[in-house]
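The data below hold one chain only, encoded as structure tokens and taken in the form predicted alone.
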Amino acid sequence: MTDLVKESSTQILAREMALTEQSVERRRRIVGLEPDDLARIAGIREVVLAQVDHFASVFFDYLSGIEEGRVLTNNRALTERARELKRSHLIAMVGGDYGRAYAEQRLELAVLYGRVGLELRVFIAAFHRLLRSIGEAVMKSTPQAPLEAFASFMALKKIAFFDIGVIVDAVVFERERVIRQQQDAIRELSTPVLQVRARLLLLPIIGVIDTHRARLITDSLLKAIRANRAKVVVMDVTGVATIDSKVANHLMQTVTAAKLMGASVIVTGLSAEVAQSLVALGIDLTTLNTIGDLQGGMDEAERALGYRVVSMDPRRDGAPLSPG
């Protein structure tokens, strides 16, 4: 039986970003990497490899020298890991192989930077210092041929821009994913569908309802009806101050869709303002089952399910005590 290989976080990120050999090739074309550039980079390989540790130090010395960079350098364990990755990065920069595996190495750095909250502008500034240090070393290595040395450094700079593109895209992608997750969590909290008892759901709606949120309410409710095999839903709108025509029509469609799935909907808590607005908008409410308040709606829902509502206090609502 073939063993399943667990994907690393970097591999998952590469897959989600659609970082394929084809997309990496497009990135190489964007920065203008040509076969002549590969030959020039090979020509300065030894210069870079001889000073890898120095170049890495230039990068991290800059970060440790500014407050924004110390979010990384103050963490010793992560700094050591980042230094190790940066050293591997520099070696790979002059390695001549710039395929998907090379791009994934850049993602590992991006994940680390994102984890500590290193700002992109700070990373780019530190990377610029590193490149300037490499450029100076390359120019000094062949003083008799400055133009050739400059062309070799410019070829390497194409790889540097390739790297920056991958890292920036990865950091932005990760941040956007976190934002999306937070938004999804907020939406779930803003449209909770609660199971009160078997076959009975409660959907309390609070706050402003726009078209987008109305659509989310519909999706959440219909999924909950199916998952819980619900027969009755109490939709409480006590906390809704106003409803426009688009939202009203969408909620009516929600009620209709729920009926098609075998669940009846009881709407409770319509305020006087919302009721007047719905009438003024000409919304057809003849098929809508409405109850004044949430308690009355829950009682009606339980009766619809065959439950008998009995007060624990026989004197409630002025009811006389039953004979002894």
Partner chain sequence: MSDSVVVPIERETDIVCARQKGRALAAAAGFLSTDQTLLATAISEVARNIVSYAGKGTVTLQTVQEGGRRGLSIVASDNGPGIENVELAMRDGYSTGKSLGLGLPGAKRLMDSFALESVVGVGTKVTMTKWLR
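Rigid core here is just the name for the largest C-alpha set that superposes within 1.5 Å across the two forms. This is a predicted model, so every value here is computed, not measured. Positions refer to the first chain, counted from 1.
The same protein also has a form predicted together with its partner chain, omitted here; what follows describes it.
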Handout entry: in the predicted complex, Ser141 touching its partner chain (heavy atom, 4.5 Å)
Key = no
Practice task
Report whether the minimum heavy atom distance between Thr242 and its partner chain in the predicted complex is within 4.5 Å.
Solution key: yes
Exercise for the section: Although its partner chain is absent from this view, report whether Ser88 comes within 4.5 Å of it in the predicted complex, heavy atoms only. Expected result: no
Problem - Lys246: touches its partner chain in the predicted complex, heavy atom cutoff 4.5 angstroms - result: yes
Practice task
Name the residue from Leu78, Met252, Val111, Val193 that puts a heavy atom within 4.5 Å of its partner chain in the predicted complex.
Solution key: Met252
Completion exercise
With the partner omitted here, the residue among Val208, Ala125, Ala151, Val116 that in the predicted complex has a heavy atom within 4.5 Å of its partner chain is Val208
Handout entry: Interface stretch in the predicted complex with its partner chain - options 102 to 110, 209 to 217, 173 to 181, 116 to 124, non-hydrogen atom within 4.5 Å
Key = 209 to 217
Completion exercise
Taking its partner chain in the predicted complex and a 4.5 Å non-hydrogen atom cutoff, the residues of 252 to 280 making contact are Met252, Glu273, Val274, Gln276, Ser277, Ala280
Exercise for the section: Kindly check if the Cα atom of Asn249 is displaced 2 angstroms or more between the shown form and the other one relative to the superposed rigid core. Expected result: yes
Handout entry: Core-aligned C-alpha movement of Gly239 between the shown form and the other one, 2 Å or more
Key = yes
Handout entry: CA of Glu67, rigid core aligned, shift of 2 Å or more between the shown form and the other one
Key = no
